[in-house]
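The chain below stands alone, shown as structure tokens; this is the form predicted on its own.
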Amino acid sequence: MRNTAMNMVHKLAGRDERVLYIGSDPGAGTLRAMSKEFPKRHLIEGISEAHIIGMSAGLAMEGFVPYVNTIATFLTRRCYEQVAVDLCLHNLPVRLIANGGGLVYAPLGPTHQAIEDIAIMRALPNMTVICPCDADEAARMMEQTLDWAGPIYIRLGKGGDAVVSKAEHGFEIGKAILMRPPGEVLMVTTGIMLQRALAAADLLAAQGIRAGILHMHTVKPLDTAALLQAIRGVRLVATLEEHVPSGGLGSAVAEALIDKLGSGLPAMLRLSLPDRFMHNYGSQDSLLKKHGLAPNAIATSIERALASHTSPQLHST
């Protein structure tokens, strides 16, 4: 996913002279071909994220469209004030490409695990937050970033994630994709949780439970219209995210439903990481499994939630 996004920066630079790349401490050889073809638009600034954000803001004010890239925790925690004041306050077209959203860097511990990034970036006025599910969707997403007004936070997975998105669904910032029609259950996902949701839906189907899937690649702005359409007739809405419970996709969905429906809410199940830093070292998959976000655990949680909401009354809007 990361390599695809980086290659798209090079492709966009060839198409539009406003595009430039700013890296803080990328791996050796990152965008080497771009550095040779467009050396004046390929900038490596070292580990100095606050400076880089200020620099990108100035370049955006001069008419450029900077694509800034580093590890997600460094692009959010380290320079949050600069992102807020330099980018969001002025609503500048800077694209923040965050490597390793969620637990990608699980072997490096809590300093490198971006478990609250969606929440803090979503809280900023004017910031758009996008979490593609695979490399193909990342490519389609990058095509849409060039002329988007205002800053964008792009949360990338580690790469090598199974490709489950479909070209025929296209990609539009702020527009959710219905991957499977809803039945008793609607799962709302973002990022690489889509792969887990698809597998969980298959497990549920084997138990006679039909579960739909709404892929919210854009967490902000949230596609409230698609959400309200998809919850018609469902008994349970389950949100799935590789993020702490506060402020992420589950919060965004709950807020949207409260704002639009008031007291007539469907039953909700929010599946997420726990509200604590991860002190267990391991792989991304092992930590997701530990915290109930593997497909079998997701299916079991949904079955239990359905059993606890036995009322036959379905939700309609």
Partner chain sequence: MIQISPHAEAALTCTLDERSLYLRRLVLGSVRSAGRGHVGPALSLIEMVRVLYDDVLRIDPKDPRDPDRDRAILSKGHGCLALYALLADRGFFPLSELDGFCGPDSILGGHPEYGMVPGVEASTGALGHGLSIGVGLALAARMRERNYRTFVLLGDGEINEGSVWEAAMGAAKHGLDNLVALVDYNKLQSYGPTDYVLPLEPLADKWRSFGFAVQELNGHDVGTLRTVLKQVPAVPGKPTAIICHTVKGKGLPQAESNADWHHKNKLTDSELDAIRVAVGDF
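Note that the structure is predicted; figures quoted are calculated from it, not measured. Positions refer to the first chain, counted from 1.
Quick note: we don't show the form predicted together with its partner chain, though the next part is all about it.
Q: Taking 59, 85 and 89 together, does each of them reach its partner chain in the predicted complex with some heavy atom inside 4.5 Å?
A: Yes: 59, 85 and 89 each sit within 4.5 Å of its partner chain in the predicted complex.
Q: Only one of 267-275, 251-259, 35-43, 282-290 gets a heavy atom within 4.5 Å of its partner chain in the predicted complex; which is it?
A: Single hit among the candidates: 35-43.
Q: Applying a 4.5 Å heavy atom distance criterion, does residue 202 contact its partner chain in the predicted complex?
A: Flag for residue 202 set to no.
Q: Taking 4.5 angstroms as the cut-off for heavy atoms, does residue 63 touch its partner chain in the predicted complex?
A: Although its partner chain is absent here, residue 63 would touch it in the predicted complex, with heavy atoms inside 4.5 Å.
Q: Even though its partner chain is not shown here, does residue 54 get within 4.5 Å of it in the predicted complex, heavy atoms only?
A: Output for residue 54 is yes: heavy atoms within 4.5 Å of its partner chain.
Q: Considering non-hydrogen atoms and a 4.5 Å limit, does its partner chain approach residue 20 in the predicted complex?
A: Residue 20: contacts its partner chain in the predicted complex.
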